[in-house]
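Here you get one chain, nothing else, as structure tokens; it is the form predicted alone.
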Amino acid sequence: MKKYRSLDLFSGCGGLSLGMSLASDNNGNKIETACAIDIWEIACKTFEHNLGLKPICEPIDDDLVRKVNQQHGPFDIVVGGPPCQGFSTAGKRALDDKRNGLVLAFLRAIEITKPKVFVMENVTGFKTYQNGKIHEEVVEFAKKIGYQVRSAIVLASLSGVPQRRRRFLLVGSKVGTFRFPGEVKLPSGENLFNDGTVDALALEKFFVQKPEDGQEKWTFNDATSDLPALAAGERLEKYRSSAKNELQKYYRNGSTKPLDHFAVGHKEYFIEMLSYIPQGKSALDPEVQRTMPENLRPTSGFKNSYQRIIGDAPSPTITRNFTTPSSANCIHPTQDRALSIREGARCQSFPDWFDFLGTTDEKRLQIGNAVPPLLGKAIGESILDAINQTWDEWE
């Protein structure tokens, strides 16, 4: 059994590292995070508290990466989600803009450490920033230093996460071709999804996963039905019932209670307003407003404000505002409150033993910003598959 060593840049609270540690191949080979770097202090503390590895809490630059490579390398894998603003000035390369400096720092880390595979995770808008200019420059940079590059927008619910979360992935490989979770290959060289829909005729074609491209295995109810009901402002860190499915068994493995199963408080009028909202609807919908007293009707909000989650579907994207119904689609399907901290963590596929440190605001920010561990597991399995392949299998 071999353990491939990973460097996790912009590591946050550790969702991607946790997920990749769960991955293995047919030979029992695994991935271990040998070093993590982030400047977010509370997220670094959460990472160490749960995963036993103390991240380097410093800004990422060439000197730090060289030092890390000497002390902790070599690395087989480098992963990370560098914040990106997508700017470029007329006549200048986007990567030369200081506002995109962290993306360039990530690429420079790849050039210095020379891993077998790297994975860059980002927001879905990365592909279209500056009409695709920064994406093109990142691909060009990676190809120049010897990587085969592919990119896609993946849907977490197709990787066993009970959430329809879309993230951009750009992958570089010096070994076999990385196949995105949910993607398989035909003998003709075409790529398709599990339902047989042909999507990419060339390896480098960009694609976007949709719910109909594969099986969405778990719903919000599947993820949370063993947790006790809560009133707004209530905390109950216990289980309502035994585990009802494999997902709940995964959450509860190694845990005696669901940490942080508490709901923030709401004012009485707000709770009454929530009671009028059906699943999948918003208090801003005209047909819903007609059913509630005029004094309860909100007059403004975002597109997904005051919206109740559908229980029999994967949850919507969990953002940093998942305890604030006025800012997010986060009302419990049957209870008149926002999601609890633990429900948000479960939608992100964190196990119940994973303890988020800090204030409530810091906890929900760590959860909302994280890579879902079960998506990380699927990414890790794809990395191991690529490492086990050779180029000629894909040419």
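Quantities reported herein were computed from a predicted structural model and do not represent experimental measurements. All residue numbers are counted from 1 along the displayed sequence.
Here the subject shifts to the form predicted together with a small molecule, a form of this protein not shown in this document.
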{"item": "Contact of residue 338 with the small molecule in the predicted bound form (heavy atom, 4.5 Å)", "value": "no"}
{"item": "4.5 Å heavy atom contact, residue 358 and the small molecule in the predicted bound form", "value": "no"}
{"item": "4.5 Å heavy atom contact, residue 60 and the small molecule in the predicted bound form", "value": "yes"}
{"item": "Interface membership of residue 362, the small molecule in the predicted bound form, 4.5 Å heavy atom rule", "value": "no"}
{"item": "Residue among 81, 172, 258, 115 with a heavy atom within 4.5 Å of the small molecule in the predicted bound form", "value": "81"}
{"item": "Contact stretch among 35-43, 339-347, 66-74, 323-331 - heavy atom within 4.5 Å of the small molecule in the predicted bound form", "value": "35-43"}
{"item": "All of 21, 380 and 383 within 4.5 Å of the small molecule in the predicted bound form, heavy atom check", "value": "no"}
